[in-house]
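Below sits a lone chain in structure tokens, taken as the form predicted alone.
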Amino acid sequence: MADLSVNVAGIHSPNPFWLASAPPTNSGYQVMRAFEAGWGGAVWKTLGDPIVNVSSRFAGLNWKGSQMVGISNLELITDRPLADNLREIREVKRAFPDRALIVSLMVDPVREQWHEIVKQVQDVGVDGLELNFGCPHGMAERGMGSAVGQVPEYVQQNTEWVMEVAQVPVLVKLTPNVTDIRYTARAAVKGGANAVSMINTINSLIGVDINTWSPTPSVDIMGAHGGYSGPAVKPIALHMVSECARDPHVNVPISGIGGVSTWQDAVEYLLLGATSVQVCTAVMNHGFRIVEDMIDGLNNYLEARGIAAVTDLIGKSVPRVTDWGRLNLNYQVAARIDQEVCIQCNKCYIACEETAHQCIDQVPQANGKTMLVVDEEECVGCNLCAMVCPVEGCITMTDVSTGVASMSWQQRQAQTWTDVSL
């Protein structure tokens, strides 16, 4: 068995799979069930001043038979008394001392309020704190959540207040509802954060009921923007994690969040620089026991590759992420169609002919049928034909580079300026 244990800024966990701060971590009962199932850690649902939630709260985006590829929620932080949460947190930590128990916090941007709640939560024996600077709805209208997380100066200031009294590692949870998440991540680090977690939910309005004309979810026929999560947000989250992982000014561990549903998703996050991954929507869809498959799958993956510890994966793909201007313009791939498995559905031809570069020809055959053939000299290697093909492995993208030396746009521009100066 590979070593799946991780250490996130001093927070030890037997595996990298954590529950995110969300409805599944709203009580001691739930977190204990999760730990019994095998989760390595959990971030307790955000604590703060008492709130009142609305009904209804969730709406799912279904796509071609797949349920909840995305979910939008209007739920706020915990509506349970602080004293009840603190008592249950203490009980959970005593029952599962080997698991990572982090508590999410959100209060008004007032130094004294941060000091008070941090001290109260630390006293019950938590492993870490996560500052919720990301919720895009409800709390943001009150000057908290993403109202703080969208302004680097506020992120730094609030983090500094927490660090004045924090005695356990502090993670700052960042909102994706910004132009460039690196600026708020840098601000968190400047404020003293030991780690960052990303991403929080994306601002969204998931849909409208075309029969009632009310947004979904609907609260007494009215709707409001909510927070979007689930598999559909994973590409956005991976981008933001990788940007921070390769930024020398964000030199702290990252807990990756956004659309993690399988062990493969977790591996992608780890390769792009995350040390742990947090899961919410997949658990809400399938239950806590999905972690069993995640642990088994990750173990098998590591063993098959001869990798002794999961930490050996962290950041291995980061050097392969770059800016567009550094990509090799002389690298060329072209599509090739395996005629033995082609079912003549013509999807590749239609896609290429009508929406891409018109480089697939319909060649008549002696039997009266046509054969689809790629004109490799015209093919730009866009991948669209392989993406729409319903037969796995029928279309492959093959390297047809001519051996010309690598040349990026930046190098070409530099060469152009050199030629001009000469």
Partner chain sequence: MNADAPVGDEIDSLHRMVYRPISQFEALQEANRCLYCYDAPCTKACPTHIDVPAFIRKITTKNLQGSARVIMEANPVGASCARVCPTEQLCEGACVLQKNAVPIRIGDLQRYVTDFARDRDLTLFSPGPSSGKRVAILGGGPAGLSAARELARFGHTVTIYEQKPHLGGLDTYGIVPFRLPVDISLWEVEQVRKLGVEMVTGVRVGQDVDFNHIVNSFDAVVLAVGMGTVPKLNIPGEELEGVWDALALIEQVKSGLFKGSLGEHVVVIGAGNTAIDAATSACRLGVPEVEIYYRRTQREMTAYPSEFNFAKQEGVGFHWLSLPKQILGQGGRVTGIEFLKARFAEDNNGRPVPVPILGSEFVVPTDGVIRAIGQSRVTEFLQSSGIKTEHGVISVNSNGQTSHPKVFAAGDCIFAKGHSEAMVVEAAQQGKIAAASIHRFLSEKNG
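Residue numbers count along the first chain shown, from 1. The structure displayed is predicted, hence computed values, not measured ones.
A second form of this protein, the form predicted together with its partner chain, is not displayed here; the remarks below concern that form.
In the predicted bound form, no heavy atom of Glu153 sits within 4.5 Å of its partner chain. In the predicted bound form, its partner chain sits within 4.5 Å of a heavy atom of Gly297. Under a 4.5 angstroms non-hydrogen atom cutoff, its partner chain in the predicted bound form has Pro390 among its neighbouring residues. Within 4.5 Å of some heavy atom of its partner chain in the predicted bound form lies at least one heavy atom of Trp263. Scanning Val252, Val178, Ile290, Ile206 against its partner chain in the predicted bound form with a 4.5 Å heavy atom cut-off leaves one residue, Ile290.
Only one of His286, Arg94, Arg142, Arg320 comes within 4.5 Å of its partner chain in the predicted bound form through a heavy atom, and that residue is His286. Contact with its partner chain in the predicted bound form, judged as any non-hydrogen atom within 4.5 angstroms, is confined among 168-176, 255-263, 220-228, 328-336 to 255-263. Applying a 4.5 Å heavy atom cutoff to its partner chain in the predicted bound form picks out Arg33 as the lone residue from 1-38.
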